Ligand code: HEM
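Single chain ahead, by itself, as structure tokens, in the form predicted on its own.
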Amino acid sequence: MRPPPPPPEGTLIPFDPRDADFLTDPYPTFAALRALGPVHDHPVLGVPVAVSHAACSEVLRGRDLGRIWVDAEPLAEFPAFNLLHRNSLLEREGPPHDRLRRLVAGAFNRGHTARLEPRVRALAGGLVTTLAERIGTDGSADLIAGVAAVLPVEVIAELLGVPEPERSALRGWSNTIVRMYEPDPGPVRRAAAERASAEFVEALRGLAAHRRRRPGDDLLSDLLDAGPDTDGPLGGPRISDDELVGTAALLLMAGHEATVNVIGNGVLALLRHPEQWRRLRDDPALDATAVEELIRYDPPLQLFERTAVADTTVAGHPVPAGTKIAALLGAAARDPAVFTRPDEFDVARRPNAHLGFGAGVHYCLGAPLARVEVAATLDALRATLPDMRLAAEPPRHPNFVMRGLRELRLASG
């Protein structure tokens, strides 16, 4: 997201995405905006924002709205960052999107989620056991650093076939690149995102070359083997080198950042609602509904932009061709028109039509694997830290788009 221009003097700002009080709890503000209307112009973000569930669904599903990538500028300063996004499944529309999604979905459908589930559960169990040992020694330990930030990186590394020595860099690359998505990231973050992108591109090109010579039981090998995709209207060539790198980057950033924050935000919600933790602790059959409620109640991704490819409207709000509109997913998640008692946290909630994995043609392909990771973490906490409690008030990252905690220190007993 490019830095927005300052609003005209005297302009009413629906909310300031940099305000600390708003970032602590944006949901009352979202409720007030929903009561006033489904879509609002936002001079600080520089785009209108949809705040009702119906309007957000229109943004995500609308045929006249797409993801149209605009390169970060100056071009000479962002070659790797732009390469990753130009070739991302998320930033494509129409036949180019459909061809690439077909290739990636075909590779995913070769059983990678089922293959990885035992490994995911073993990883989660081991990380939580180590966390419990640290609590026993030190009195408290950080769930984010010890579990939430480690598990998805290990899972994505397993999924892509990244060798052990290179895995430690994945988390840093992801954290650094996604900071570019916040309003006004600033020159330091922009430069760091390009460096991280360049390192990621170099590493993935080397890994792809290795997998061409020695295929493995991983998604990267299956992507290299995908195609030629020539039957039917979506036919096209095998995945290109740049598309392969862009796909891997998307899996890293979406899979890592979202899962870290679902675990952090979700476990905090359980600790703030101890009666719900007791229900979940005592009834493992609630895991599936609990995972969905963790995603709904405090979504890790708060904003998703699309661009009008033709003149259109969202909930009656005009969106001229070439202009953007954003879906505020956190606002949609608390819409009383869709969710009964939306501000209540209920691990048994049914139905739960949250938009946390998107909707329409850009629905998250990695959703089944993300659900396994969150469920495995809950199961490990139930088994090893059934009496977990907050050891300190958790600090949040000062981010709006990617909502998450810096730290979540747990104690036991």
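Quick caveat, the model's predicted, so the values are computed rather than measured. Throughout, we count residues from 1 along the sequence that is shown.
FYI, the form predicted together with the ligand isn't displayed, but the following is about it.
The listed set 317, 334, 324, 97 contains one residue whose heavy atoms approach the ligand in the model of the complex to within 4.5 Å, identified as 97. With the partner removed from view, the residue among 26, 46, 38, 358 that has a non-hydrogen atom within 4.5 Å of the ligand in the model of the complex turns out to be 358. The chain is drawn here without the ligand; in the model of the complex, the stretch among 349-357, 384-392, 50-58, 27-35 whose residues come within 4.5 Å of it by any heavy atom is 349-357. No member of the trio 147, 264 and 268 reaches the ligand in the model of the complex with any non-hydrogen atom inside 4.5 Å. Although the partner is absent here, residue 370 lies within 4.5 Å of the ligand in the model of the complex, judged by heavy atoms.
Contact annotation for residue 78: none of its heavy atoms lies within 4.5 Å of the ligand in the model of the complex. Although the partner is absent from this view, residue 300 contacts the ligand in the model of the complex, with a non-hydrogen atom inside 4.5 angstroms. Using a 4.5 angstroms threshold between heavy atoms, residue 201 stays clear of the ligand in the model of the complex. Of the residues in 254-277, those that come within 4.5 Å of the ligand in the model of the complex through at least one heavy atom are, in sequence order, 254, 255, 258, 259, 262.
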